[in-house]
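Only one chain comes next, encoded as C-alpha cells, the form predicted alone.
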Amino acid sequence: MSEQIKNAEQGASPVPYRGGGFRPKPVRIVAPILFAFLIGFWEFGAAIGWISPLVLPAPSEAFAAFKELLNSGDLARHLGASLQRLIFGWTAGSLLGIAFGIAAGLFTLARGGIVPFVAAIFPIPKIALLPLFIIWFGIGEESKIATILFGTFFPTVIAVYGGIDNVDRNLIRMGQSFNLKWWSIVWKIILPGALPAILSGFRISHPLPLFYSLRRK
C-alpha cells in the first residue's frame, strides 16, 4: 500500500500554490506612463481649445513662466519668503502641539479643557481662517504664519495625545513597581513609547499645502 502511494506521489503533477491572497504587485513603469499621458493630453487639450488657458494653462506656458521667474530672480526671492513662513509656522505649531498634547495625555484637568477645544476647532479648514487672521494680525507675514501654525498645531496635539494614551500600561506599572519617579516614567517610558505616533503627527501636519497657497504673488 505504501509503495502504491509513493508511486502515485511520484507520478502526480505539482499543485500550484493558491494561498497568496489578493496582493497586487507593484509595476513601476505604469506611473511614469500615466503621468506622461496626462501631461500630453493636457497640452493637447489646451492647444486645440478644449481647456481654457484662463482655467488651466498649458504645461508649456507654465514651464515658460517658470523659466521667466527663474531668470529674473523672483523665484528665489518668493521661495525664500515662503520657506521662512513655513519654518516659523511649522516649528511654533509643532512645539505648541507637543506641549499641549503631553499636557492632555498626562493631566486630567488639562485633558478636560484641551481635548474638547481641539475636537471643536480641528474639523475647520485652517485656510478658511485666513480672513479672520488678516483682521487680527494684518495682511503682513503674521497672518500667514498664524495660518500655518494653526494648521500644524491641531494634528500634532491629536498625534501626541493619542500616542501617550496608546503606551502599554504594563510598562508604566513596571516602572512604578521599581519605584521610579514620575518624571523618570514620563521621560524613559511614556515619551519613547509615544514617539512613533509623534513622528507620524509631524508627517501628517506638514504645511506644504499651506506653503503653496500662501506663496507670494
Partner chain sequence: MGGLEKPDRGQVLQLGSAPAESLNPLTYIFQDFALLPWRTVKGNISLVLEDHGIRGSEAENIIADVLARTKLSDFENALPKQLSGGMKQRVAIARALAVRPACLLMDEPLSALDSQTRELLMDDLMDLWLKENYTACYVTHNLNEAARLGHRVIVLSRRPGKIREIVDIDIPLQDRQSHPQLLADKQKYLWELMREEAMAADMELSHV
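Residue numbers count along the first chain shown, from 1. From a predicted model like this one, the values you see are computed outputs, not experimental measurements.
Just so you know, the form predicted in complex with its partner chain exists too; it's not on screen, but the next bit is about it.
This chain is displayed without its partner chain, yet in the predicted complex the stretch 167-175 from 153-161, 54-62, 167-175, 29-37 comes within 4.5 Å of it by heavy atoms.
In the predicted complex, at least one heavy atom of L180 sits within 4.5 Å of a heavy atom of its partner chain.
Within this chain, A46 is remote from the site of its partner chain in the predicted complex, having no heavy atom within 4.5 Å. With a 4.5 Å cutoff on heavy atoms, K67 does not count as touching its partner chain in the predicted complex; it lies far away. Although its partner chain is omitted here, in the predicted complex none of T108, R111 and P116 has a heavy atom within 4.5 Å of it. Contacts of stretch 144-158 with its partner chain in the predicted complex, defined by any heavy atom lying within 4.5 Å, are made by none of its residues.
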